[in-house]
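Quick heads-up: it's one chain on its own, the form predicted on its own, in C-alpha cells.
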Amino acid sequence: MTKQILTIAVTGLNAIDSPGPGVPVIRGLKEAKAFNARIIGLSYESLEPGIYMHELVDKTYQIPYPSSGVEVLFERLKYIHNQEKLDVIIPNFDAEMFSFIKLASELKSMGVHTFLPTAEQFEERQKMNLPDFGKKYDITVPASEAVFTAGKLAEVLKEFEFPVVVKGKFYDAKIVYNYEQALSAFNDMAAKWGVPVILQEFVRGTEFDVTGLGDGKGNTVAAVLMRKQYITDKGKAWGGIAITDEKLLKLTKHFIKETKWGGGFELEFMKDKEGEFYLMEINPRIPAWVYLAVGVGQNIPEALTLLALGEKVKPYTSYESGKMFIRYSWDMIVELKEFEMISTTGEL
C-alpha cells in the first residue's frame, strides 16, 4: 500500500557547536514508517547548513526572527502555506515556541497542524519559574533566582555559595567562581538573550538527559534516557549513551502525568553522589540529540507528527540501551548562487 505524503515544515536548521534540532528531526521524519515526508525548511539565517542539505530538505524559506512579532511570522507562514500546502509545522527553538503556541489555533484553521505544549505549560517551566515548578509537582530542583539588573547581582549572590551556574533566558550556561566572573557572564547573557538571567545552585554530579513525548493527557508516548559522554564548553552533549534507569524513567513519567505535557521535551538532570536526581532545566521542544532516540527504536518526530494530525499513537514501551551517538562536523560544498538566492529572495 502506498504511504501518504505529508508536507512538514521544520525549523532549527543550524548546525554550529550548539546545533539546532532541525536536521536530526528531519532524519527521523525521513525514516518514518507511517508516511513519506516532504520537508520544508524554515530558516532564520542564510548560512544554516540544513538549507543546503537537498537530500533532506526539499525547499527552504526564511522566516522572521521571533523578535519581529507574531503577526509578521503569521503573514510569512500564510505565504509559505499557500505555496506548499503544509500539513504540519515542527518548531525546534525555545525562543520561537511561544509565537507558534500563540498561532496554533489560527494555523489549524488553515489546515496546518502543530503539537505543542500550552502557553501555561510553556511559562511555568521557564528557568525563572523552576523553583515554583518543583514545589508544585514535587520534583527536586536546585535553588535558583532570577536577576534583572547587574546592580542586583551582588545582593542575590549572597544567597549562594560559589561555584554558581549563570544561565541565559533561553540558552547558554556558565559556571562561575567569583563575583567578577558572574558579572561578566550576566552581561554576556543579558546582551544575547535579554533578562532575566538566572543564578542556579551548582550541583556536582553526573549529567543525564531525557527526551520524550507526552500526549497532552498525562500519558507517556515516548521517553529515552541518555548519559552525556562528551560535553562541549557550552555544556552541550557531543556524545552520549542510551541508558536505562528505573528511577529516572519514573521521574519522567511523573513529570508527564502531573503536568499533562503535550508535545516533545527535553529534561536535563544532575545525579549527585547520593543518587538524588535534580531537575536542572526543561526544554519545551525536541532536543538536537533526538536521532539517538530514533536509532534506539523510538521515532519521536514521527510520533509527534501523527499526534499533530489527531491520530492515535501506540506508546513506545522500550528501546535499545547501550547504543551511543557521536556528533561530528563536515564541510559541505555549496554553490554560491544558492547562497545568493536564499539571501536575496528568502527561498531556495
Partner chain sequence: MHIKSDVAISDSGFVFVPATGESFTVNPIGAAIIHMLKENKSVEEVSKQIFENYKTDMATVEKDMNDFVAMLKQYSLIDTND
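Numbering follows the first chain given and starts at 1. On a predicted model such as this, the values are computed, not experimentally measured, just so you know.
This protein has a second form, the form predicted in complex with the partner chain, left out of what is shown; the following refers to that one.
For the options I243, V72, I175, A154, the residue carrying a heavy atom within 4.5 angstroms of the partner chain in the predicted complex is I243. Contact with the partner chain in the predicted complex, judged by any heavy atom within 4.5 Å, is made by just one of K253, R227, H113, R76: R227. Heavy atoms of W193 never reach within 4.5 Å of the partner chain in the predicted complex, leaving it off the interface.
The closest non-hydrogen atom of G322 lies within 4.5 Å of the partner chain in the predicted complex. When the partner chain is considered in the predicted complex, Y171 lies well away from it, no heavy atom lying within 4.5 Å. The shortest heavy atom separation between F208 and the partner chain in the predicted complex is within 4.5 Å.
Exactly one of the stretches 136-144, 195-203, 243-251, 216-224 approaches the partner chain in the predicted complex with heavy atoms within 4.5 Å, and it is 243-251.
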